[in-house]
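Taking the form predicted alone, here's one chain by itself in C-alpha cells.
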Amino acid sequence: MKIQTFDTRPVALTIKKIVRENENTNTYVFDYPLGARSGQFVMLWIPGVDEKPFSVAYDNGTEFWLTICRVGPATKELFKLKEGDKVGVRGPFGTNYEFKKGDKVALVAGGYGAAPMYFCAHEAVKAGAEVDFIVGARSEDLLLFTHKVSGLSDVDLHIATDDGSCGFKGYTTQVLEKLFKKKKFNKVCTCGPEIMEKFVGEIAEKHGVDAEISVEKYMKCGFGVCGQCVIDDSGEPICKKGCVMKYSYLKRMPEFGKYHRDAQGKKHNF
C-alpha cells in the first residue's frame, strides 16, 4: 500500500455529469487527471456549505467519479447542484489497494462501499487478478454498481440482500464464508459498514489471509494535521495511516467495530 503525493489546495472542477444510481445516491463525473488509486479518497468542497471526504469510485487518468449517498445536510445541498456547477476537490489522499497478476481476490462491499470496490475490481482485473465480487444491501433497490461489475472480465459477482429480494438472502459475510469453502483466496479487500468489515477481517484471518479494510472516520483536513480522525489508542490519523489498513493492525485498536467518534470527539457505539 503506497501513499500518493497530493496537493492540499482545492481545485475548482465542473460537474461534467450526474448519474442517478438510486433514490438517494448519485455519481458525479469530473474531467480531470486526479491520478487516484483504488482505495484513496478526496476532500470535496461544496461552496458555501462544507467540505467532506469521499472515496473515489473510478479514475482512468483523465476522468474520475465520486458516488455519494444523501445522508446529511452537506450532501443534501450537494444534491441540489446540477451538471455544469462547480465544486472544489483536494487530493487524492490516503493509502490504496494493490494487485498483481495471479492474485485470487475476494472483494466484499456493503451499501455504498460498492462504488470504491468497483474501482478495486477494475484495477485488479487490469493487473491480471481473478476476482470474486460480493456486494450486499438491505434490498434490491439499494444495490449499487452491480451492472458495472458484471461487465468486467474475470469477475464473478455474488449478490446478497437482507430481505432476499435479489441474490442470497442474508449477509455478505455468509457468502464470503461459503466461497472460502470452495476457493483459495490470497487477498481479501472490503469497504462498507464497520461491523461488516470487522467480520470480514475475522473470516479472512481464520483462513490465513490478512484482510485489507477501508476505514471511515470523521475527517477534516485529509493529511494528518487536524487530529479529528486519530485512532484510539494509537493516536495515528486514519487519513495518513489509511484509509486502507490491515485487519491485523485494526483488530488491536479498541474502537474498531465497536464505536466511532463524532465531530466533537464523542463516542457513539455501533
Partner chain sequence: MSKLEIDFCGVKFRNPTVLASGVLGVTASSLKNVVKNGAGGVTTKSIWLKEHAGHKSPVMFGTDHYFMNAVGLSDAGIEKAEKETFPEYSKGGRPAPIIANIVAGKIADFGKLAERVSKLDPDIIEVNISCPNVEDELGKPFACSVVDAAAVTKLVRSKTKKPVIVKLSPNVSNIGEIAKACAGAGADGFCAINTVGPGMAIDINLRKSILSNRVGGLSGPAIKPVAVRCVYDIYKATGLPIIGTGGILTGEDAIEMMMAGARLVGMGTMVYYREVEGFGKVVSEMEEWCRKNGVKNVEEIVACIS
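Residue numbers count along the first chain shown, from 1. As the structure is a computational prediction, the values presented were derived from the model and not from experiment.
The same protein also exists as the form predicted in complex with the partner chain; that form is not shown, yet it is the one meant from here on.
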Listed residue that, although the partner chain is not shown, lies within 4.5 Å of it in the predicted bound form (heavy atoms), from K148, K104, R90, H122: R90
Partner proximity in the predicted bound form: I231 to the partner chain, non-hydrogen atom cutoff 4.5 Å: yes
Heavy atom of K241 within 4.5 Å of the partner chain in the predicted bound form: yes
D50, heavy atom within 4.5 angstroms of the partner chain in the predicted bound form: yes
Close approach of P33 to the partner chain in the predicted bound form, 4.5 Å, heavy atom: no
Partner-proximal stretch of 56-64, 207-215, 223-231, 33-41 relative to the partner chain in the predicted bound form, 4.5 angstroms, heavy atom: 223-231
